[in-house]
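Presented below, as structure tokens, is a lone chain in the form predicted alone.
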């Protein structure tokens, strides 16, 4: 699957343009603050319908405008499903988002997710490791929403029940009115926890392998840390029972504090060093290079998941990722990514010499003040 055409209208500082992308990809060259990251953000928006930088939709509308619109057309490879056209627009007035796939407006925004099969690598990914648990939960939720059937529906149902249950707790309502939301919370929450644990357990070995290959032999561990004790996450009924028991056990504390204290909204994805001390947490004890290596490993595992779950080679978006890696790690990640079964590559760099992935294969585009020259 590769992106063949991209149309931009009032997105960030990018000029309104119609672009045809080469099958192999492109290297976008330009100084800082010219719009390189915005270009990748526009492409990735068509995969997830959200900013990879955590920006609100309204923040991506060009200054002085009311609506942005991004349209991307993909083409399938010989061994991949056919392509699609995805169009996404957001209007600040009324805060309205509209998405269509192949010209038909999506009944639900979630129906338009995942048509591009893209993975983005950014220096900001280090926050996946150094940030709080919410960063890693967000990573899991986006990845599983795109690749695990039914996950996004369970996540939506869980959030709705959680909001209403928390409102009842905060208002000091009788427990009979609080617990009315427990059944929906438990049902959706169990599906979320089962999917998260299954993914983490299945990919933990790959995470360790990628980390070792980039770091030069050091090892790292990825484990799922749910708030609810789970003995057998593959048995959803058992997870529901465990979740229900945990809610009951937390009842008095929740009443006192006026908030739901157990559930997947408080889970964590724990990342640890294996050969320096006894399982030191990368968030607390990892160096800058170790944290960046772990973040890269997470993204590589995400790309592997797309290949296996969607039978597609993922598009790789690289936002000047070598800038903050030391020479040894840079060379190892370069060798690793060149050997991975990836599809089209779109990368940004401040100068030609910084283009290292597929150095001779990628055409050079230039960007200045949001205007792209092909």
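What you see is a predicted model, and the numbers here were worked out from it, not measured in a lab. Positions refer to the first chain, counted from 1.
The form predicted in complex with adenosine-5'-triphosphate is left out here; the points below concern that form.
A residue is said to contact a partner when one of its heavy atoms sits within 4.5 Å of a partner heavy atom; residue 305 fails this definition for adenosine-5'-triphosphate in the model of the complex, lying far away. Remark: residue 27 does not count among the residues lining adenosine-5'-triphosphate in the model of the complex, judged by a heavy atom distance of 4.5 Å or less. Contact annotation for residue 53: at least one heavy atom lies within 4.5 Å of adenosine-5'-triphosphate in the model of the complex. In the model of the complex, adenosine-5'-triphosphate lies within 4.5 Å of some heavy atom of residue 59. From the list 338-346, 59-67, 43-51, 306-314, the contact stretch for adenosine-5'-triphosphate in the model of the complex under a 4.5 Å heavy atom rule is 59-67.
Interface residues of 26-44, taken as those with a heavy atom within 4.5 Å of adenosine-5'-triphosphate in the model of the complex (partner not displayed): 31, 32, 33, 34, 35, 36, 37, 38, in sequence order.
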